[in-house]
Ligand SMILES: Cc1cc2nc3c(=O)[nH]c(=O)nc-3n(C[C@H](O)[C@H](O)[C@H](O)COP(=O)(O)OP(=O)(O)OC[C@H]3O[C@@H](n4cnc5c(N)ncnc54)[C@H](O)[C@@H]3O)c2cc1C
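In the form predicted alone, a lone chain appears below as structure tokens.
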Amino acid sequence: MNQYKEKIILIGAGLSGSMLAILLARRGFEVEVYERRPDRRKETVDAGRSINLAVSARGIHALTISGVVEKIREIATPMYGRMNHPLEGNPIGTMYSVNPDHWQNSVSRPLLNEILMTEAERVGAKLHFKQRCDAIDIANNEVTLSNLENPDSPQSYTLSAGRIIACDGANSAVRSAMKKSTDFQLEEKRFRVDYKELCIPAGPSGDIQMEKNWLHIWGRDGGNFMMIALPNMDNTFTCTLFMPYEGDKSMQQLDSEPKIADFFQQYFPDALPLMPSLIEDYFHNPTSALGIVMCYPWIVEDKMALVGDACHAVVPFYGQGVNASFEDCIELDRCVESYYPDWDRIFREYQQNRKENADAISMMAQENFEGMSKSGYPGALLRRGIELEMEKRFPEYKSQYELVSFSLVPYSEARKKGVINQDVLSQIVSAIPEVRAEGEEEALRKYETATLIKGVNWEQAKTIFQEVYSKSGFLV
């Protein structure tokens, strides 16, 4: 521990900044963290983004290493699968995994952040709040900040450190300084839907109003928009409406109380009676955009590095944003352990090992908007049912969701296998007798999902799986 004797400045005390502060301070570094917002443990702070997170295997792994996993379990609500709400008929539940030990954890973002900040201070990191990063001098490894304790007359000052690491989110000030470099590649774009936070409160007696241990999904209009609901420990649900901002069936069109009420009655009739504050929530809560950030490089020589959303902000449709950011922190800490004090190698290897995987989860998250919004449709239910049965019968088969959410397999490998799995599933579906005789669309219209799954020849399915993987270069 005594070898790690130098000062490191972290910009941002959010989830990744607090996690990294714990890991570095435990090694003995002098860690100083500067955060623009107030200390949420002492003052009320606008959550800004979704107050719920889905923490899965990668996040649990990082929280275990950082020593706070048991505290997180105390505030987590398990989600065992998706509960799809069709326009007509009863909700349909689909498990995330055939392994009973695999589930997602619905966790409050503010509470998780508070636990991590407290642990970071406990192990020696110093957190400074209301300190805004205004400029970065890359050549001299200096950061200029403003003290916002008195917002009418902010005090500016400059600090230097051996290393500056940006954990300051999708609108990173450090990344803004780095992009002035001629060789910096940056892609910032807005996803095709915006979002608005809503709420399903507890019932009159404090009881929960829907099945608790599920991620609830209302996919609508052929996947054009959807609403989801994540459970909270107080028997409420945090709901998020994802819709295009403009055009037909958009946020912009819902501009009056009658329109909102009519829209929810038409598309979410089972949820509407559970949302007494819908109109108030809709007008009070902002409509927020979903941004995507992809950039390269993430580092400047042995001086600076980007971590988390600062270098790879992703959309939330795989529930991996926080998990991917925590994985960054674990990898950077591993590189420190392996190569310190060679910061040039530390940063280079961190970047090399994480960039491809960050790009992969970003693409999977974008692709999974359609996967989520259509997850209750007959074709999706059929393929998911076959996948679960494949995993039960043939443990060597793993769905993309299993690899992403319940393993530490690199995201890039999970994405490659996910593409191959689609070929496997298509061939298995095509071989079902009813599909072969009447075509997939007619078979889906005519038969129950369970009936079609019973028609699968599982030995043939195993052969298809092995042959497709073999041709793709993956060993089974």
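Each residue number is its position in the shown sequence, starting from 1. Here the structure is a predicted model, which is why all the values come from computation and not from measurement.
A second form of this protein, the form predicted in complex with the ligand, is not displayed here; the remarks below concern that form.
*Asks:* So, Y80, R220 and S373: all three within 4.5 Å of the ligand in the predicted bound form by heavy atoms, or not?
*Replies:* Per the other structure, none of Y80, R220 and S373 touch the ligand.
*Asks:* So the ligand isn't shown here. In the predicted bound form, which residue out of L452, I9, L15, L24 has a non-hydrogen atom within 4.5 Å of it?
*Replies:* That would be L15.
*Asks:* Using heavy atoms only and a 4.5 Å cut-off, determine which of R163, R132, K355, R383 is in contact with the ligand in the predicted bound form.
*Replies:* Checking each option against the ligand in the predicted bound form, the one that comes within 4.5 Å is R132.
*Asks:* Report yes if any heavy atom of A54 sits within 4.5 Å of a heavy atom of the ligand in the predicted bound form; otherwise report no.
*Replies:* Within the cut-off, so yes.
*Asks:* Is the gap between L290 and the ligand in the predicted bound form 4.5 Å or less for some heavy atom pair?
*Replies:* It does: once the ligand is placed as it appears in the predicted bound form, L290 has a heavy atom within 4.5 Å of it.
*Asks:* Contact between P231 and the ligand in the predicted bound form at 4.5 Å, heavy atoms?
*Replies:* Residue-level check for P231: no, no contact with the ligand.
*Asks:* If you check in the predicted bound form, is L198 within 4.5 Å of the ligand, heavy atoms only?
*Replies:* No, L198 sits far enough from the ligand in the predicted bound form that none of its heavy atoms falls within 4.5 Å.
*Asks:* Could you tell me which stretch in 357-365, 344-352, 124-132, 263-271 has residues with non-hydrogen atoms within 4.5 Å of the ligand in the predicted bound form?
*Replies:* Heavy-atom contact with the partner occurs in 124-132.
*Asks:* Of 93-119, which residues get within 4.5 Å of the ligand in the predicted bound form if you count heavy atoms?
*Replies:* Residue within 4.5 Å: R109, and no other.
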